[in-house]
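One chain is shown next in C-alpha cells, namely the form predicted on its own.
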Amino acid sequence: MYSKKVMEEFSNPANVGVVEDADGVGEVGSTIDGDIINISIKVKDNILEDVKFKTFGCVVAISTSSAVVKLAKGKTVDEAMALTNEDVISYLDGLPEGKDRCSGFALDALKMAINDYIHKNK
C-alpha cells in the first residue's frame, strides 16, 4: 500500500520539533482527518537554515511533513515557496490513490511559515 520511502519517513521522521526563536511558523489542521501539522523555520541570508515540524496525524501526514522539511531545508525562500505537491509525492516514491490530498497539508504549513517570515520582515 505505502512505498518503502513513505514507511521510512513515517517510522524515522527527520527534523521533528520546534525551531527555537523561529522566524516563521505555519500550522494547518484538518477537521476531516484530524491531522495537525506545525512547521517552524529559521531563515539566514534568505536561506531556510533550519526547518522542523510537529505533526499529529496519519502515516501520510507524518511522512509528508518529514519529506517537506527535508526538501525545504537549505533552499532559498523562493525555492521553498516553489515546491509543489508533486515534488513531495515524487520524493516519497508515490502515495496510494486518494492520499494525495492529505500530502498537501505539510506543504501548506511550510508556505504559511514562509509567509509569516515575509510578513514579519517587510
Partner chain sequence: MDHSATTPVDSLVVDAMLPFFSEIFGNASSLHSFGTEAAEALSLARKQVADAIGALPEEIIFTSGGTESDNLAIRGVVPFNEGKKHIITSVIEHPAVLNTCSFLESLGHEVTYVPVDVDGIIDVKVLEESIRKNTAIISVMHANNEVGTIQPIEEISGIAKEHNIYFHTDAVQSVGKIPVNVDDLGVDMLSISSHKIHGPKGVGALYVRNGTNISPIVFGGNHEKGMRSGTENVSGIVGFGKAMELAAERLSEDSVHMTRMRDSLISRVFDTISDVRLNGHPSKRLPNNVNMSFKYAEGESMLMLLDMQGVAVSTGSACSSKSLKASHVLSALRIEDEFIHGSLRMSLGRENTMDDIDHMVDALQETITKLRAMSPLADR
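What you see is a predicted model, and the numbers here were worked out from it, not measured in a lab. Positions refer to the first chain, counted from 1.
Absent from the display: the form predicted together with the partner chain. The rest refers to it.
**Q** Is residue 7 near the partner chain? Define near as a heavy atom within 4.5 Å, in the model of the complex.
**A** Contact with the partner chain, yes.
**Q** Is it the case that residue 33, even though its partner is missing from this view, gets within 4.5 Å of the partner chain in the model of the complex, heavy atoms only?
**A** Contact with the partner chain, yes.
**Q** Is residue 104 close enough to touch the partner chain in the model of the complex, meaning at least one heavy atom pair within 4.5 Å?
**A** No, residue 104 stays farther than 4.5 Å from the partner chain in the model of the complex.
**Q** Test of understanding: in the model of the complex, would residue 72 fall inside 4.5 Å of the partner chain by heavy atoms?
**A** No, no contact at 4.5 Å.
**Q** Based on heavy atom distances of at most 4.5 Å to the partner chain in the model of the complex, which listed stretch, 72-80, 23-31, 43-51, 85-93, is the contact stretch?
**A** That would be 23-31.
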